[in-house]
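Presented below, as structure tokens, is a lone chain in the form predicted alone.
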Amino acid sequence: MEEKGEQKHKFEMSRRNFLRAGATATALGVIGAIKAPVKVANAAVPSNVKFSAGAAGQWSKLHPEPDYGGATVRYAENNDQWLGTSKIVGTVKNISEADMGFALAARGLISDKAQRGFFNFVPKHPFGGAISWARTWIASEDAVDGQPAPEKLPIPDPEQMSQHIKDAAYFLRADEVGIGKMPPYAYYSHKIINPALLVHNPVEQCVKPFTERLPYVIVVMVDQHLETMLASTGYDGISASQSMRSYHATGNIAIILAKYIRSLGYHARAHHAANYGAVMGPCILASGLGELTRTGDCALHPRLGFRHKVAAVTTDLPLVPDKPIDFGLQDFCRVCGKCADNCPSGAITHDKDPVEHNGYLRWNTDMKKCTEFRVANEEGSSCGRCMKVCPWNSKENSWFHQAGLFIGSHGETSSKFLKSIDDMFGYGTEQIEKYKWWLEWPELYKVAPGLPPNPAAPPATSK
């Protein structure tokens, strides 16, 4: 124990000494580059993707400039072949919510243990259960949707309205906000009526068609809390609580924004973790808040990394969409693989390049392996290990970490350098005890026996 403590002390000292050495950043040639919060680069990009600066109405009054944490960002036009840096190679089909990972667990299509674990994997930690319980109060159809006011109020032009909506979201404590053209394939084809129905009934009796199609999507993003992540293993008792914290916060923002927009006389529906009608990955990309990663359909923000959850509002309120972004993440994920190396379920691929999936290119994680570990984890509640180890989580706020993100956004060679720095300091593989504030109850983490009873299935509707 003394030897381990001595090594930890030396490790911390070397980091502090390194961070004090501002001359090191000058030697890396990045201090000047990372001072400006927005950097639009003219790097080589695919010839069929048009890059240009963001629209004048892209930012808000409360957050007049985006905070990318030091990364160099390019802005991409939406077209039929690309969504940001995700290449579309065929027809992208709308998917059913019943075919997502947690629903497959509830249906018994992963394993018996995963099916039993699904219904208690969050509330088995009392704090996560308390936050999840609070989410249920904003899950009803009356909370997320409704008829717009019969008369439209006068509103500013779409550019000013976009700024105003972002300011409203920031006022409601969002950490990041983006507006996108809503990809029609981002909607679910069918919604689950009640997850408990999936255990005992044919899937056709457990879903209803989801027919909404609106032109714009507003995405709100909330940080999962840096210090908590630094103290966690990524899959201990607090993991699900981190998700629930941000799900609850973004859900509250989304239902308020949607209600506000309906009060102006326009259609608006909130989509949050207790009542989704849309897949959040393509919504994040369309709204200029991230790129897809090695972990499949998970999108990463250049400053927050994976350390976020989102909710969305789809609407026909006239808005100016933001542009999708490219900060070099495809190059980075191609050479890093740290999430794959550290995934406790072995779900994340080590493939060098993305492959085709449902009409677009992505790295294909094993959704069933990932889900099974998250719902049947007996060392904690759920899992966020990929979030924990990813070098794009910006760690402490310092010039050193801003410099790291600047380096990581400049191609494969620079990406290898960033990963080597990350490994050298042990980021993602340490638990900083001074930040650990929560309690653990390992005796509660075993997967409980039994399944929920069969609830009465309401008739399916068309919305």
Partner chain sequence: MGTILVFVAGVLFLAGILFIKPRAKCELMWKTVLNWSLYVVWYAITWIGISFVYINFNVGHVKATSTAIFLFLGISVVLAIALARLLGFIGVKKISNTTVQV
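Positions refer to the first chain, counted from 1. It should be emphasised that the depicted structure is a prediction, and the values quoted were computed from it without experimental measurement.
As for the form predicted together with its partner chain, it is not shown, yet the points below apply to it.
Participant: So in the predicted complex, is its partner chain close enough to G426 to count as touching (4.5 Å, heavy atoms)?
Facilitator: Taking the distances in the predicted complex, the answer for G426 is yes, it comes within 4.5 Å of its partner chain.
Participant: Please determine whether F406 contacts its partner chain in the predicted complex, using a 4.5 Å cut-off between heavy atoms.
Facilitator: No - in the predicted complex, heavy atoms of F406 and its partner chain never come within 4.5 Å of each other.
Participant: Might L230 be said to contact its partner chain in the predicted complex, defining contact as any heavy atom within 4.5 Å?
Facilitator: Because a heavy atom of L230 falls inside 4.5 Å of its partner chain in the predicted complex, the answer is yes.
Participant: Taking any heavy atom pair closer than or equal to 4.5 Å as contact, tell me whether E396 reaches its partner chain in the predicted complex.
Facilitator: E396: contacts its partner chain in the predicted complex.
Participant: Identify, from the list W438, Y435, F417, W59, the residue with a heavy atom within 4.5 Å of its partner chain in the predicted complex.
Facilitator: If I apply the 4.5 Å criterion carefully, the residue I get is Y435.
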